[in-house]
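One chain comes next, on its own, written as structure tokens: the form predicted on its own.
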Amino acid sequence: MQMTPEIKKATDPIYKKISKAIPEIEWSIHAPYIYKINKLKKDKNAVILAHNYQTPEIYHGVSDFSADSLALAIEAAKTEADIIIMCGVHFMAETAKLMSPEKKVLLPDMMAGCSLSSSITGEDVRELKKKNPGVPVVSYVNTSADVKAETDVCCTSANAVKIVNSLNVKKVIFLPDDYLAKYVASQTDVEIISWKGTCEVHEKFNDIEINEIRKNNPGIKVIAHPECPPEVINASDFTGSTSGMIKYVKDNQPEKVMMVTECSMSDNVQVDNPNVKFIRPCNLCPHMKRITLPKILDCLENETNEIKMNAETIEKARKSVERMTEIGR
């Protein structure tokens, strides 16, 4: 697609906002897609939800709502659109379908998976429940619908500690992120039975790297996601969910900051915090990066890659997500 005067005029306000994150030569490729997607979603009464790890041209260019997993789940339940396009990974699209089963939910690339989600199955959870009868199951939202269907209540990194404490029990099964489980265990007196799942993005970070960055950037604030290894969390100034990290930068306006998480998030947050310098030794999520503007346009035009689940799975899995949203942050 070619850039035209009409497209340039319509997309210039978006580019003005994100020009520091995207070179002008790249914008000439993105702008025609953004123009067409934004026009088509209105015609089709579609809403585009984007996770914080999406690239700036998606996050700021076409999404109607950009947020962390919990907020996306809540937004999916509230929307009056006929079509939901989830710019994220497969479990997020499934969660949107759970919360709006009557809507058509589309995922631009069905191969956009998650190392955490694929680390555990519904059968695994059933086996754990047999070994630990009566112990409630808390599952990270980064799980398949089959796992959610075997779960008492879901959580995100934003509310994991609150969810565990809300159960008023001495022991919980916490799935599937081992590092998040360790973080939760450090913040509560509840005994945690964990699973050996990890995020392939966050597990790559280490404290040696962080200490080297501190040495080269005096006064820098290091903020980490709780999916990171414990030694990384211990070496950081703040630990929080993606929404918590965004709030930290907005509220504190540090001169320099390193966000120990997926790369695109720093690009997106810098757009709204131009006075903060972001130091970016970060890691890319190969699954999130499968979502592109051409794929979004294709699935919107042709209504392809629809998320489908049977009614029984939807009913069982939805309860664990609804309980999470009721408890909130």
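Residue numbers run from 1 along the displayed sequence. Remember, predicted model here, so these are calculated numbers, not experimental data.
There is another form of this protein, the form predicted in complex with a small molecule, and it is not shown here; the text below is about that form.
The stretch from 73-81, 102-110, 214-222, 139-147 that comes within 4.5 Å of the small molecule in the predicted complex, counting heavy atoms only, is 139-147.
Annotation: in the predicted complex, residues T95, F174 and K316 none come within 4.5 Å of the small molecule through any heavy atom. None of the heavy atoms of T55 is located within 4.5 Å of the small molecule in the predicted complex.
Taking non-hydrogen atoms only, H30 never approaches the small molecule to within 4.5 angstroms in the predicted complex. For T156, a non-hydrogen atom is located within 4.5 Å of the small molecule in the predicted complex, even though that partner is not displayed. Under a 4.5 angstroms non-hydrogen atom cutoff, the small molecule in the predicted complex has D68 among its neighbouring residues.
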